[in-house]
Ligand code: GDP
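What follows is one chain in C-alpha cells, specifically the form predicted on its own.
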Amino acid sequence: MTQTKTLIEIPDFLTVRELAQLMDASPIDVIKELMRNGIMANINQEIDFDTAAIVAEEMGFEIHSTATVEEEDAEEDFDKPAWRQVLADEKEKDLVSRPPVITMLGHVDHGKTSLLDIIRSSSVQTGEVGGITQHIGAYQVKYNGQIITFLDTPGHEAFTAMRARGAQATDIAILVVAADDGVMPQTKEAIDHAKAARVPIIVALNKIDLPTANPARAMQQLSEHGLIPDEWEGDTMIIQVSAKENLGMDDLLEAILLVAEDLNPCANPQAEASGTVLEARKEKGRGIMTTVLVQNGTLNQGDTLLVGKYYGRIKAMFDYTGKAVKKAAPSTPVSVAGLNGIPQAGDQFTTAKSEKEARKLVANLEADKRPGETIADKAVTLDDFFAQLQEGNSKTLNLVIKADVQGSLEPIINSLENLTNDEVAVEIMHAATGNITESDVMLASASNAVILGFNVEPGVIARAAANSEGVEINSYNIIYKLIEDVDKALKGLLDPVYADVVTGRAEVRQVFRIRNVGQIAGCYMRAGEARRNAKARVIRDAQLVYEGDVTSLKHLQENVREVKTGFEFGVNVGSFNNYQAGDIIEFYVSQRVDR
C-alpha cells in the first residue's frame, strides 16, 4: 500500500531553520541532507525553492510552492468583507446571521447625528456640546422586524483611528452629504477612508428640503469620486433624505437592509466572546465603564474580559438604553463594569477562563515585548518595503498624497499611477491639497501607507500622531525626486531577478580515480576563485558537457571553502565521472541583479 506523503508549502526563499520547522524535523537532519546533495549550509542560511524542494522530497514530503497560493489568498482576502477577518477560525456550519453594524461618516454639520437621532427616535443631539458629537455611541433600532446596530462616531478620523488599532467593526458606511453643500473636503476624506476599509457605502443625501439644495450637482460630484448613483447605472445607492422634515428615513433603512442581505454578516454565538472597544471612561459611583461591541460569541455577565494589558470580571452589563442585561449576542453594544484600567477605542477584547488566567496572559504578553517595542515596529517605510513584502504582505505600495496646489497634485498622481505594472501596484488611498493633517496620519496608519507631501509639511499635531502611530512622512519640493523614490521602492517590490555570476575558472591538469568516490579533477585556478557552495560547469572544446553543484573541494587533502587564483586543488562536480585533462571548470553563483 502506497503511503501518502505529507504536503508542505514552501516559499521562493527560506532559511534552513524555517524549512526544518515546516517539516517538523531537526535542523541537523536538514543540514545533513543538504550535505548529501553537495550543499554546505548553516542553520540560518537562506536557500531557494528548488534546493528546499529537493531536500524535502528526499525526506518524504510532497512540495507545493506558496507563490500561487499567496496570490489566490490575496485576491480572496481583498474580496472578503471586513467582518470575515473576525471569523478566520470559525467553521461555516457554526455561523448564523447577525445584525449589520453601520457607521455614519461625512463632513462636519452635514447632519450625521440628526439623521441617527430621527432613526432611533430619541434626542441625542440636544445633549451634545454645541450640537457636535463628542464621543462614540452605539445604538440599536428595529426596522421591519430586523435589528440594525449604529455606531455614532465623531467622523472618519475616529472610524479610521479604530481601524488603525485593528478594529474592523463596521459592515456598512453611511456617507452623509448635504444636498446644498455637496462634496466638501471632509466628504472626500470620508470616501477615501471608507474605501480603504473596503466597506460598502450608502449615500444619505441630506437637507433636500432646503431651497438651495441641488441633488443633481451633489450626485455629479459623488460620481467624480467613484460613487456612481445606481440610477445612473452605477453601484452606489444614493437616498435623498431630510432629517429636519423626517423625509426618506424608510428608504434609507430599506437600503441598509438590502445591502446587509447581500453581505449576509454572520457570527458564531457559541464561540468565546470577542469584539471591539468603542469607548471607555471612569464614572462616579460605577468605576471604569467600557462600551464594547460584541462581534463574535456571546458575552455574559461574570465573564472575565481581557483587553490588552487590562482585565477584569464583568460585574455589571448595560445595553444602549442603560438597562441591565445578563448577556450580549453578536453585533450588540453593551457597557460593562469591572476592567482594572481604561483601554483605548479600537482595542480588541477577548475573554479568559478566570482572572487568574487573564493575569497570567497579561504577564506573558508584557514579558514577550521587546524593549522599546512600539507600533512603529510594524510601520511601512519606502526604505524597507521589500523586506516587509518578503514577510508576506501584498505587492501594493499604499500612499497618501498631499500637495500645495491642484496643479502639482495631478501630475504627481498621474506619474505614480504610471509606475503600476502587472507585478506591483501603487494604490493612492487619498490625495488632496493642503497641509498634512492628523486625519491623513490615521488613514495612513490604518491602511499601512506612506505619506508623501509636496511643498507641504505636517502640523504639530500631525507630526505627533505620526510618531505615535509609526507613520512615515516624506516631504519633497521637486516632483521628479518624489517619483524617483517611489520608483525605487517599487523596484524593491518586484520579484527579484537572479543571474549566474561567474566567480572563477580553473583548468583540469590531472585526473585521479579514488576508490568508492570516483574521479576527482586535479585543477589549477586560473582566475577568480572556486567556492564550495557554488555551482560549476565542465566545458570541453568550448562545449558544455556537465553542470552541477560543487560536491567536494580540497587543497592538499584538506576540505576547504574556497580556492584562490594560482593554487592547485581537487574538485568533484555533482556526479560527473568523465574529466579529461584540458577541461575548463567554470564556477558560478546565482545572484540577485537589477532589472
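Start at 1 and count along the sequence shown; that's the residue number. Remember, predicted model here, so these are calculated numbers, not experimental data.
As for the form predicted together with the named molecule, it is not shown, yet the points below apply to it.
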Looking at Val400, Ala243, Ala194, Val183, which is the one with a non-hydrogen atom within 4.5 Å of the named molecule in the predicted bound form?
Ala243
Name the residue from Ala464, Ala329, Leu210, Leu257 that puts a heavy atom within 4.5 Å of the named molecule in the predicted bound form.
Leu210
Among 336 to 344, 143 to 151, 310 to 318, 111 to 119, which stretch has residues with heavy atoms no more than 4.5 Å from the named molecule in the predicted bound form?
111 to 119
Partner contact for His107 in the predicted bound form: the named molecule, 4.5 angstroms, heavy atom:
yes
